[in-house]
Structure formats: structure tokens, C-alpha cells
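Quick heads-up: the C-alpha cells below are two forms of one chain, split into structure 1 and structure 2.
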Structure 1
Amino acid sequence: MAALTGLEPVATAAPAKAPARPRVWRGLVFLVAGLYFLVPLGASLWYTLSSPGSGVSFAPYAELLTAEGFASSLTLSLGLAAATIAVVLLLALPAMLAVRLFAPRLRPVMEVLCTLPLVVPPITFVAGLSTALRNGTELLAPTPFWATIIAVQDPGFPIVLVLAYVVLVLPFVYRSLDAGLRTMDVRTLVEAARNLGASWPYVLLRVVVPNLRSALASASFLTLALVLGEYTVASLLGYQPFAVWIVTVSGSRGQLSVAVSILSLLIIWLLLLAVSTVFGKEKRQ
């Protein structure tokens, strides 16, 4: 064809290859980060297991697991975490949906109110809370509400700690849910479901919540980690959840103190893994 027309064929240039990603640097960064986290943990674990006279010994962990108050404090913290997650999600999610659907101009106001606990020091917060409880008990003594304010301070399950933790975790829960709501067209989904005859509870539970599984999981992770590690509020109010028990039982014994830290880190990691597994199974279904 080129000989008949007298034209020489034009060679097409091969498409340029994209430069290879620096996988070596990526692997080096992951290696350094892994060493940064794992080497101190390994050294701490070896310190708790090594004994100058008998070699490797699990005595600190056996003593820790059989120590008085271990099961009760851990159970109390888990119950407080579950109650806090339920209360804060039941309060935050419907309120955020209502503001987005019916009063979008109030979103900046709600953001300021929900993030306000970040600027209040915990020691100031617990001082005001303890003062309110003390004065409230005195003022409500002649009224039927006295039994209620005494019940929320029950050491078996202090509801006052749940209310305090809801305030502390509210900024993190708000940020997680807000990020999830920004990724979806809430108004379109809600209007479509309502036009098909769905009730508001059905819209919330079967339309909105399934699209917020990742955000709900993030909020639950942050709440669980904060409740299990919170010390200031519980200690100053006189309660003994898991974080306060850790400080109480460790004392001045080096191996036991490090064993408590490793065990608490392992328990929190397993709980977060369990929550992630549950949310992952629901998402796949």
C-alpha cells in the first residue's frame, strides 16, 4: 500500500510507561514503623518473662490474672463501654440526621457544641461534676429524686460515669459520623425511602445505618479505647474500672507493672479486633 501511494509508513510511538512506584521505600517505611512499635513491646515482654534465678517465668501474668478485682474491674469497664457506645450513638446519629435534613444552617452550631469538650480539661470537668453531684444530693434530699441521684452513683454500675464518658467521646463520635454522612446523599436516600412508604424508624435502621457501618465502627473503636483507658474521671469520683485497677495493683513492682500494661494492650487490641470482625461480617452480608 505504501509502494502504491509513494508514502512511507509512519512508525507509531509506543506509549510511555508509567514510572514504577517506589516499593522499596514503602517497604522500608513499614519496616521502620514496625520496629518502632514492636521492639519496645518485645523488650517489655522479655522483661516480664525473664527471671534472674529461674530463666523464663510466667509468674507475673499468673499473679495478675488471679489478683483480686481483675475480673470485676474488667467487667465493669466493658459494661461502661457498651453503655457509652449505645447512648452516644442513640443521641448523636438522630440529631445529626435531623440537622442535615431539616435545619442545615444549624450544622456549625452543632459542630461547635459537639467539639466543645475538647477544650475543657478533664480535671475541670470532673471537679464540676463532683460538685454538682454533692450539691444535688443535698438539695434533692427532701424530694423523690434523691433516690435517683443516689442510684446513678451506684458503685456496682455507676451511670454517672456513662454520662461523663458520653460527653468525653462526643467530639470523636461526631467527627466519625460526620465523615460518614459526607460520603452519602442523605437527603436523596431518605426522600426515596419515605416516598416508598417507609417509616422513620425503618429509614434510620434499614436505609441510613447500613450505609454508615464504617463510620459507626470508627466511633465504636474510639469510644471503646477511651472508656477502657480513662483514668482521671473514674479515679477522682472514687470508682475502680479497669484503668484505675491497673494503677492500683501495679504499685512499685516493676515486672507486675509492665505485665499489666502489656495485658491491657492485648485486651484492648482483641476487643477492637472483635468489633471490627462483627462490623466486617455485617458489611459483607
Structure 2
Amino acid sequence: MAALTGLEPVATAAPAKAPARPRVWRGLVFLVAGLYFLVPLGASLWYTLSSPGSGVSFAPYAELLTAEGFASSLTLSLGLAAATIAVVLLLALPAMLAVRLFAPRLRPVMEVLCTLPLVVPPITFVAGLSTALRNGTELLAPTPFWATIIAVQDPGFPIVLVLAYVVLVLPFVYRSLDAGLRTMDVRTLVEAARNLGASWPYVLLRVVVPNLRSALASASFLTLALVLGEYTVASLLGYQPFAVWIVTVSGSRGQLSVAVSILSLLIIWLLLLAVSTVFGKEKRQ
């Protein structure tokens, strides 16, 4: 009993003190965080809008559309993104289904493979890839494959970047699809469809894909965001998609490159918003 009464002041004091003190530190935390995260945003916006001579103008944003290389590098990036999305989904979806339905023992292998690109720094991947390409071109020179390895590196549409990006986005795509597949009973659905006489392509396109719509959408949006902003692989392999173009243009036109940076933050925000609305809809259903 004595112990219990001894505790009472603590128990009553705590709630009385609690609301007053945390509010101060919480305010302070939010103030510091707000300053740190918002000041660069505001400063960058101001940097693009005002120039010493001419006052406030939206010129850098208008200039963007006509800037040399903007349209071509953006189309290249969008094309690469579309190809990456198509290839990664075509490879990952059948593989994940096959492992789930027929080879559960392969599952840990799959998980490790699909996490590896996240552990290995992209620049080391490029180092290996570019060396392999250089050696490969030499090695294959006398064989008919030479044309293939040259075609893969076509500057107009570098397929090698698509291949590299598929590896880089695989962890994110795997996670999205895995989360999507968890929400449905794949085995029952597939077996029911098969027993009713559906062919494999039919099962895939008319049974599995519609059930995975939101997972596929979020995987695609994440891939799009990643490919649009990718710099390391493209620049070291010597191609000029969007992110590489921004660096090239920054040397001569600082305002333009900051304007593009603000736009790219907006694009990331929109893409993530799309992912969360797609997944939000799923949850509500």
C-alpha cells in the first residue's frame, strides 16, 4: 500500500506535465524541419523567377520548351521508361506467378535476386556493364552476334539502357507485384480458370492482370519516376536522356536547370500521388 501511495504523485504529475512540455519541443522540431525543407524550395523558385537585371519573369519556364535538346532528351527518357515498364512486367509477372504456383522452393532465390540490385551500388553495376560491353564488342567482332551488340548500343534508342533499368527497377516492381499477389488467391483463380478450359495467355490477361491492376499501375509509376530521374547509368554509358541533358545545360544556363529541377520535383509528387490514389482505391474496395 505504501508503495502504491508513493507512486501516486508520479502518476498524477505525469499527465499534468505532459501536454505542456512536448508541445514546445514539437513546435521546435516542426519549425526547424520546415525551415530546412522549405527554404531550398522557396529559394530555388525565387532563383528561377528573378534575375538581377530584368526583375521577376517566368522566362526560364517558357524558354524550356524551346531549349535545344529538351524535347529530344525528354522523348528519349519517356521512350526508355515505356520500354522498361513493358519488359520488366513481361519478365517479372510470369516468373512470380510460376514461382507461386509451381515452384515455391524457388521463392527465396527469387527474393534474393530481386533484392540484389538494391544492395549493389548502381555505379558498380555500370562499371561491370560498360566493361562487359567493351569486351563483348571485341570478342564478338568476328561472329554474327556483333551486329546485335552494336544494335543494343544504338545512340538513337539505347536498348542497353532499357536492360540496365529493368535490373535497377526490379526490386521495386517485385515488391509492388508481391503485395498485389498477396491480396488475391492466385492458385484458386488460376486453377478455376484452367479447369474451365481457359488457355494460359487467357488466364494471364483476363484473370490475373485485372486483379493486379493497381499493383501493376504502381509498379509502372515507380518505374517511370526512376527512369525519368536516372543519371548514373546513362551518363557513364555516354547517352543523353533527360537527367543527363539537365547537367549539360546547367553549365550555360543555371536558371533553366533549376527550373527543370522544380518541375521534376512536381513530377515525382504527381507520380507518387497517382500511386497512393491507385492503392487507396484498392483499400476502399
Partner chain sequence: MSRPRSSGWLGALPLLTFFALVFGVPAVVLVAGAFTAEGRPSTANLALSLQGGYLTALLGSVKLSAVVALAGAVLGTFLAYAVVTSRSRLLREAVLTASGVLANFGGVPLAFFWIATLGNSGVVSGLVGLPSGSLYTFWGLAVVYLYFSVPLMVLAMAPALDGLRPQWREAAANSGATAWHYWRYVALPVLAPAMLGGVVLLFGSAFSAYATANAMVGTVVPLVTLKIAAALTGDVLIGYENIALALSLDMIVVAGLVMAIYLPLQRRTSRWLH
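Think of the rigid core as the biggest set of C-alphas that the two forms share within 1.5 Å after superposition. Residue positions are counted from 1 along structure 1's sequence. Computed from a prediction, not measured in an experiment: that's the story for all the values here.
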item: Of structures 1 and 2, the one that is the form predicted together with its partner chain; value: 2
item: Is_shifted Pro40 between the two structures (CA, 2 Å cut-off, rigid core); value: yes
item: Threshold 2 Å Cα movement between the two structures for Phe30, core superposed; value: yes
item: Angstrom displacement of the CA atom of Leu265 between the two structures, core fixed; value: 3.5
